[in-house]
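A single chain, nothing else alongside it, follows as structure tokens in the form predicted alone.
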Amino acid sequence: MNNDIYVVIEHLRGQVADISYIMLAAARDLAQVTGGEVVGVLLGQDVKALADNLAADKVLYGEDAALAEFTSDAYQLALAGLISENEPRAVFFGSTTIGTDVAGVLSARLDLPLVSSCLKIADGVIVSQICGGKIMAESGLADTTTFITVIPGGYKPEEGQGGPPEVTPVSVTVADLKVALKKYIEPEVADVDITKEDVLIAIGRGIQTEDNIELAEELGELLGGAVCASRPIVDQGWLPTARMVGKSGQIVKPKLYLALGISGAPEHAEGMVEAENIIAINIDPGAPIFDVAKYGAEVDLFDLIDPLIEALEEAR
């Protein structure tokens, strides 16, 4: 086993995902303890240029036609060979639909331990956010290669940007695949593109009923923004999928993100943690949304929203 920290770079349709930069920043903290290098693992076809902005000591670039588009089994096969051959100290995956799919199966296939939901590396200790952010668990590296899935919030993407690193081509084995990507199905065009809004009024379970969304819309109109939501709101059909923020929805970076009645679970935080200013309104003082918010109020949103609307109307 060597002391290097591998980071599996997530990218889709020619763009490196922010979680990849976040993982590189976390890997740097861990590498300072292990004494190894930060090594990006970039798989794909004709995507070598994506390595240019990765803050890694070096990048292993595995190219194959079967890796041109992501499929879990192709990544599993390619990574299984690399990891078994090189035995890095740890391998970082994103706590995303892509990363968790690959990491979970590889952990079982290679019989290697997996630490999930890592938020931060503190002096070599892996700090994980579990139970919706209500519990912070600490763990260390196992005696063998350790897989770690990373959630956003502990690092900023720009901390993992830099380069260009040294890029080393590596041979990967990808054969006898059972799954192939046929095509991408684009979502329907939304009435509002929340990724381009400077102000977002985000609603969660605390809004209670569909009728109360009108209050959020009124507030959004006064602030010059749009209404978005956490998954429970979309799952009930109260707002379209294009308005959902989080792991399964949109990644947004507005100047103001006003979270009304949102608990702030990691799946939601992944989509909004990079907002310039996050203001959280939640009656639960232990809600994890307060961990990422710049300002917060521990009150029932209905005790605050009406006076806020009145104050904005008067200010107009």
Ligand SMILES: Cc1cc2nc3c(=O)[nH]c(=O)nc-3n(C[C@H](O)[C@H](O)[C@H](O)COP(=O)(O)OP(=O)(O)OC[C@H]3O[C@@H](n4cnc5c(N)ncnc54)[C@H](O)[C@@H]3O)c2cc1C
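These numbers were taken from a predicted model, which means no experiment stands behind them. Throughout, we count residues from 1 along the sequence that is shown. Only the largest set of C-alpha atoms that superpose within 1.5 Å between the two forms is called the rigid core.
As for the form predicted in complex with the named molecule, it is not shown, yet the points below apply to it.
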Counting heavy atoms only and using a 4.5 Å cut-off, do Ile5, Ala26 and Gly94 all touch the named molecule in the predicted bound form? no
Stretch in contact in the predicted bound form with the named molecule, which is absent here, among 64-72, 256-264, 26-34, 45-53 (heavy atoms within 4.5 Å): 256-264
Among Val245, Ile121, Ala90, Ala216, which has any heavy atom within 4.5 Å of the named molecule in the predicted bound form? Val245
From the list Pro232, Pro113, Gly162, Pro169, which entry has a heavy atom within 4.5 Å of the named molecule in the predicted bound form? Pro232
Does any heavy atom of Asp284 come within 4.5 Å of a heavy atom of the named molecule in the predicted bound form? yes
With heavy atoms only and a cut-off of 4.5 Å, decide whether Gly204 touches the named molecule in the predicted bound form. yes
Asp300 near the named molecule in the predicted bound form, any heavy atom under 4.5 Å? yes
Exceeds or equals 2 Å, Cα of Leu43 between the shown form and the other one, core fit: no
After superposition on the rigid core, does the Cα atom of Leu60 shift by at least 2 Å between the shown form and the other one? no
Can we say the CA of Val33 moves by at least 2 Å between the shown form and the other one when the core is superposed? no
